[in-house]
Ligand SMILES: Cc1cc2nc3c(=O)[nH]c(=O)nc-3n(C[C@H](O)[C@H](O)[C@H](O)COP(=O)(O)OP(=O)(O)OC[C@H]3O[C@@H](n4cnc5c(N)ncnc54)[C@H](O)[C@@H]3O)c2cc1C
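Taking the form predicted alone, here's one chain by itself in structure tokens.
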Amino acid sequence: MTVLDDLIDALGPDAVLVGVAIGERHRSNASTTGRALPLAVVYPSSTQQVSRILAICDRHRQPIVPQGGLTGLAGGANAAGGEIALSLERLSGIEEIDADAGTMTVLAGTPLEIAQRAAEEAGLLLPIDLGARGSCQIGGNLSTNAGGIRVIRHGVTRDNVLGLEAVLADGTVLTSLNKMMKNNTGYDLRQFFIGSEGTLGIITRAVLRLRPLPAARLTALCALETYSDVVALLKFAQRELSGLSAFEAMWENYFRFNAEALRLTLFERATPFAVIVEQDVGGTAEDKDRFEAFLGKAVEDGIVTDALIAQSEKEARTFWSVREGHAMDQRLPGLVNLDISLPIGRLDDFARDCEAALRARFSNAHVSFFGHVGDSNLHVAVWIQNRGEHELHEIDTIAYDLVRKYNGSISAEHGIGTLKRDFLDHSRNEAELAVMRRIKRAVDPNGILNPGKVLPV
């Protein structure tokens, strides 16, 4: 029997799609770099079915690629011709919210926004948050160790995972749905799978840490003249705002483009930098007074030239609509979005060097920058008319060669996939890569799990 025959026997014909039934959306994630449809797409609805799928594929030496919400930008969910895609969209749902432990047990195919809403209905906060919240899935968030806008307060995804269930290449199910913050019992196996992009196992279930739901959030949009002012405001906010939950900086080109696209006039004159500062508070009048006093002192000290405080959730969303940049994505099809990480004090130096190098090669390119800053993360947005894969490689080479010069990371939160795979040695040394390869061979000796991703060939 063929691998497809075995999979149909195991799952039924409705859970195994082939040919034209697959649909174009399984060709590529949001990077739009996928070129081939998978050989088939399988839709398990339980951990046991995932186990059976992997055992069958391992026996047939059949490569398999996990797919979640397909919102990734590094090509990690793209299946090459002849590979089978494993979609987790039917493995969805909130299994439990334990208010006493402050945890949520959730299936990997659950959209992030669904999990966030379930936590809120229970009076709790799921702090993992990113712009693709409506489409991305928990399993994808974990497998790429997603970052997002709340990292400055709550950490990256791995910092919010207490327990995990994952299936190995041979079908072995590892279940450790721990709910305790303290569990010092040998190797922390969950960390092997978080951030490994499905190359070591398929995550099927997780226990996520929840926090108290803030009574309110205060949001301000600030105008600043220099990057030194941005860093000074960050330090001031960290000192004065105990509930600081977001600090998002936009360089002039990025802020102006998105504000104009949304037909928003937020400041009377152009500003070299714009920063969103957000604080979780108890919702009292004193909280608002302290927030206003913080901003007033920043203006008085010359750190901030102008500041707007959102008077409603709608106004706060207006500020965030500029930062999230969906207008840029729509107006500049094929936009390249790189995410890098550097020491906070060097982010603007990198931005200047990177823009100069990109414009020297592509004189008519759109180049702009935005970032979380407080967690050392900078995003680079580059658009070139009629860009092909050769130009994409040139953009990557220019940017990542500079990252290596600055001793930074080529990926802050988007993962490695295929697009950054050949640049991994810019941020990791040969000894580290050798250990990664040894781990991969140990848990996936036949190399069926997301082959060709993360590790350079």
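Just so we're clear, the structure is a prediction, and the values are computed from it rather than from any experiment. The numbering used is simple: start at 1 and walk along the sequence shown.
One more form of this protein exists, namely the form predicted in complex with the ligand; it is left out here, but the text below deals with it.
_4.5 angstroms heavy atom contact with the ligand in the predicted complex for residue 203_ = Yes, contact at 4.5 Å.
_Residue-level contact is defined here as any heavy atom of the residue lying within 4.5 Å of the ligand in the predicted complex; does residue 218 satisfy this criterion?_
Judged by the heavy-atom cut-off of 4.5 Å, residue 218 is well away from the ligand in the predicted complex.
*Does the 4.5 Å heavy atom contact test between residue 66 and the ligand in the predicted complex come out positive?*
Although the ligand is absent here, residue 66 would touch it in the predicted complex, with heavy atoms inside 4.5 Å.
_Heavy atom of residue 164 within 4.5 Å of the ligand in the predicted complex_ = Output for residue 164 is no: heavy atoms all beyond 4.5 Å of the ligand.
*So which of 148, 127, 325, 374 reaches within 4.5 angstroms of the ligand in the predicted complex, heavy atom to heavy atom?*
The residue from 148, 127, 325, 374 that makes the contact is 148.
*Heavy atom contact within 4.5 Å of the ligand in the predicted complex, the stretch among 426-434, 40-48, 408-416, 388-396*: Single hit among the candidates: 408-416.
*For 129-157: residues with a non-hydrogen atom within 4.5 angstroms of the ligand in the predicted complex?*
Heavy-atom contacts within 4.5 Å come from 130, 131, 132, 136, 137, 139, 140, 141, 143, 144, 146, 147, 148.
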